[in-house]
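Below sits a lone chain in structure tokens, taken as the form predicted alone.
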Amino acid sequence: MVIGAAAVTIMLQAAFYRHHLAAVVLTLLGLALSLASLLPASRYLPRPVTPLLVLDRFALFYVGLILAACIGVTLLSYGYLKIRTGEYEEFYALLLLATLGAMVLVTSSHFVSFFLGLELLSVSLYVLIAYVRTEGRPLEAGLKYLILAAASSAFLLFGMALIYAQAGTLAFGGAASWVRAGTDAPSLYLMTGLALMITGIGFKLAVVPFHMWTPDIYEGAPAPVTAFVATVSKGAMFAFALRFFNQTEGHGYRSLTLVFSLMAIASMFAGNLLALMQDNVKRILAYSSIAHLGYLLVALLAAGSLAVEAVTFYLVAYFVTTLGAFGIVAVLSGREGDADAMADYRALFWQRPGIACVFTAMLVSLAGIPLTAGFVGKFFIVTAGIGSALWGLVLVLVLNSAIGMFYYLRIIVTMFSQPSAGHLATTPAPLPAYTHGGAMVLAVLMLLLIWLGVFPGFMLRMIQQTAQSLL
């Protein structure tokens, strides 16, 4: 309700008084109020909210994660958009609506609310990706996302219809009860419906073979929107998949686990190998995200509470590092376009050592180096995989982690390479997209990355309570 009211308030503000900073303040106020409301709400858990939504510790944790990420995206967006011509008040209303869609996804207990949340998120993203309409690449990316996301929604909708035709209910709990009570082999309706749903979910998560849109969208979208797509959109969909997989006891279906295993292996290899061939930083991070979703699928396939804890911790670490990486791209971007070419990062350390060090820390965390949040997250996934005897997937994960280090190190080496003659003496130009808010976001993310990597105990205890509510 708070997020919805904030979006309406910003639309009214844009109608009567256009002011970019005022829209940002209203957005942050709405997000902060919503985040603060989670604490009193936690005293009344679990609680169904109509037959469509459920508010339990699992949902509350992910809602908090989504809101915190959106605060970071908002602060980064202000600096990114203020240097561009145009009116950007509606951008923040759309950002709030997309956040609301993601919140509906993680609280869904019914296919109807799931589809409504997904469409609210997707329709807002169509516009957000193409919002900087004075440039060609965002428009192209928005159009591609519109066509492909619409196709994936059609698959999802048809899959849900087939499952409803078989189970006679759209509630997750009802469908799960019907599956558990069934004594016959799974019917053609059910298997086809599940296959279509996996297609739709696979597209939203951008796992192989439904990953083709990711590099183009990541490259074309404004850097803060890319950060939102990479974290909030994918994180909310994975949280939904985790809840649905556990409630329907997906581990019991050999064919289903085989499909997810093949997708995990293909995502890890394709994401890492294709990232090695890229010269564009946003495309490297796009292929890297495909590989990271493959790692997460390994944890999804592991059964038990450790699997839920591993997925949740890894997503927290992934949110921190990915927001930080795209936050650097946003801060370095100028009026002419995003700083996504490898040349934009050459000898960055010698001109802007602070930014280069933060970006290095984010890349090191994505590579899974010790003393970072990424290492602890990957350690938990490996532990969950070994605990469920997924030896083959764990070996593939370790091998791909080694492959992934090459392209992360390539960016780091570029940043620390020696400047050319006369380059060092040149005073670096001021960063047009720099704001105190953006700098604060990067500083907080840097601290979180180290804190989660060195002292993960507090976060782990919180995640363990979250996992218990799902099982």
Partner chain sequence: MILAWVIAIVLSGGLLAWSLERMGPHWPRWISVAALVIDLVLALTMWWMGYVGLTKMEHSGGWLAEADWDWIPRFGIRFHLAADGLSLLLVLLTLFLGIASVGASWTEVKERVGFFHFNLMWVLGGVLGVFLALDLFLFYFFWEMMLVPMYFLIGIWGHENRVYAAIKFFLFTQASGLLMLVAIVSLYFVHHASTGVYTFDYFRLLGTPLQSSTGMWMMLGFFIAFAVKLPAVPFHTWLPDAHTEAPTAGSVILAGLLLKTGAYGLMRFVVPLFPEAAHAFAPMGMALGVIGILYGAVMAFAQTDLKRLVAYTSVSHLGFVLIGVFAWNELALQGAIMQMICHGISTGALFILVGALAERIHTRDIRRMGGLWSVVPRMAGVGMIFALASLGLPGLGNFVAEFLVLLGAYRANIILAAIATVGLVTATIYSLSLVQRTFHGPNTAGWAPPDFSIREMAVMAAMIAAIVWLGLYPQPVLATARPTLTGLQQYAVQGLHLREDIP
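Positions refer to the first chain, counted from 1. Being a predicted model, the structure only gives us computed values, none of them experimental.
Below, we turn to the form predicted in complex with its partner chain, even though it does not appear here.
Just one listed stretch, out of 366 to 374, 190 to 198, 113 to 121, 320 to 328, contacts its partner chain in the predicted complex at the 4.5 Å heavy atom level, and that stretch is 366 to 374. This chain is displayed alone, yet in the predicted complex one of 161, 259, 150, 357 has a heavy atom within 4.5 Å of its partner chain; that residue is 357. A heavy atom within 4.5 Å of its partner chain in the predicted complex is found for exactly one of 213, 379, 126, 245: 379.
The shortest heavy atom separation between residue 154 and its partner chain in the predicted complex exceeds 4.5 Å.
The closest non-hydrogen atom of residue 387 lies within 4.5 Å of its partner chain in the predicted complex. The closest heavy atom approach of residue 134 to its partner chain in the predicted complex falls outside 4.5 Å.
Taking the partner from the other structure, its partner chain in the predicted complex has no heavy atom within 4.5 Å of any heavy atom of residue 83. Looking at its partner chain in the predicted complex, residues 32, 97 and 174 place no heavy atom within 4.5 Å of it.
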